[in-house]
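To begin, one chain is listed below as structure tokens, in the form predicted on its own.
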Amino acid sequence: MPLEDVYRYVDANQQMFVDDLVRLVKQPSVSARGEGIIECARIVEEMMRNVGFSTFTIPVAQGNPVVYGEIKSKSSQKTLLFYNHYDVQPPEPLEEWTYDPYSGEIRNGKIYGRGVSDNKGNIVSRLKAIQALLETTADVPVNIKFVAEGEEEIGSPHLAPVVQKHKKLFSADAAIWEFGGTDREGRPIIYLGLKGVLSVELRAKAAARDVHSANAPLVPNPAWRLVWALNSIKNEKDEILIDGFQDNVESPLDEEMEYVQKIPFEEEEEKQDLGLSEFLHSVSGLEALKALLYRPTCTINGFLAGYTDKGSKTVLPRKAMVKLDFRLVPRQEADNILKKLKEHLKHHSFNDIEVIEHGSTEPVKTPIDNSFVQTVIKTAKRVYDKQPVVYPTSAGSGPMHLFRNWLGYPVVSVGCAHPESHGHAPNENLTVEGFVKGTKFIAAILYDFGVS
């Protein structure tokens, strides 16, 4: 088999690969508060150069830099782009971590740390797959472009102008997206799309200062204003009440449903992992899966007002804030939904509530019958010796539309995570076994794309 030497190289250098991942995890890179961003970008670029990439950093005005690298193939004209992000979510709540979130602690075959599965594990896995190919064959099967941005976890607010300005740099024949992994049975999971997302903040203000709650008969309460506004947006049946919100929402295509029906949805395991006796509104089976993938949503991410520490404080707060996200499905446009939200608040007499946008992306899908998709499916089956699970889209969001919709090439998302990776949560982790297997998978995709 042409990849046997590559696989042997990965196995022989497993510890070195893990050490590099631990080094990256130890570097904080929280985009939400600008922590460690520049330092992490430098480490990623250094790792890329050490593999053999020609690299440079694209500065972003009022944003975080994009690290870019290229390797030219001696044998192919095809180009595969890897999209990644080096920023991570905040680690809080810290008290729920078993190990320090930036320790890179390894226990029972798992590497622990913020960002180890989302997305630093995939960054290192992909770089090491490329390194293994270069060390064993002195070439790569296709031209490779490697992109790592630093704002994905805050909605990639500055990536669009970067892609627009550098279209030639980001051109390719296909792309591998930043996330993915295996299910509980070890089956590789392949994602072909993302929901869009609109992140907003609603703010309400009243008195010039916090006042004693005895004044409640006279002084407006901004927390109640937000509660009432939220009640007007969504009811107890989980229905979003914004006029026109459901306009243009598409039903899943027949060919997509053929794959959705084959997804081994691990419903009971998911509920057990989350400590739930049932899903919202008792939805289950295929209907639960369809809701996850194809239903638009409105979610309260956080609510802040007044006194929230231990004990009691009888205070009437002067201001209140709530953060929301709307997950959008094909043909819903973030700008249009934002406009409808503002019109909704105005129509329901909430003109006093300020709406602040924190970023958005558009929904996106690559067709299942695309030749690159079919190549990845066949490669996954061979590497894992299991039938892959194909999701025509996913419940997550990201700036995939910039590459699929704007630049026009197929985008497939695969990776090395596992169902209990706890991305965005305490005790985020990645199995060493999954990391190594995922590295071999990436090497095989590169090889198979080159010969397809």
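Quick note: we count residues from 1 along the sequence shown, nothing fancier. Rigid core: the largest C-alpha set superposing within 1.5 Å between the two forms. Everything numeric here is computed off the predicted structure, so don't read it as measured data.
One more form of this protein, predicted in complex with another copy of the chain, exists but is not displayed; see below.
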Partner-proximal stretch of 322-330, 373-381, 173-181, 160-168 relative to another copy of the chain in the predicted complex, 4.5 angstroms, heavy atom
322-330
Decide whether G396 counts as a contact residue for another copy of the chain in the predicted complex under a heavy atom distance cut-off of 4.5 Å.
yes
Even though the partner isn't displayed, in the predicted complex is G109 close enough to another copy of the chain, meaning a heavy atom within 4.5 Å?
no
Looking at the partner-bound form in the predicted complex, is Y307 within 4.5 Å of another copy of the chain by any heavy atom?
yes
Using heavy atoms and a 4.5 Å limit, would one call W224 a contact residue for another copy of the chain in the predicted complex?
yes
Proximity to another copy of the chain in the predicted complex, single hit among W97, F350, Y102, Y259 (heavy atom within 4.5 Å)
F350
Let me know the one among H344, K78, R187, K234 whose heavy atoms come within 4.5 Å of another copy of the chain in the predicted complex, would you?
K234
Check each residue of 211-228 against another copy of the chain in the predicted complex and list those with a heavy atom within 4.5 Å, in sequence order.
V211, H212, S213, A214, N215, A216, P217, L218, V219, P220, N221, A223, W224, R225, V227, W228
Does the C-alpha of L194 move 2 Å or more between the shown form and the other one once the rigid core is lined up?
no
Superposing on the rigid core, do we see a C-alpha displacement of 2 Å or more at L226 between the shown form and the other one?
yes
Rigid core aligned, does the Cα position of F326 differ by 2 Å or more between the shown form and the other one?
yes
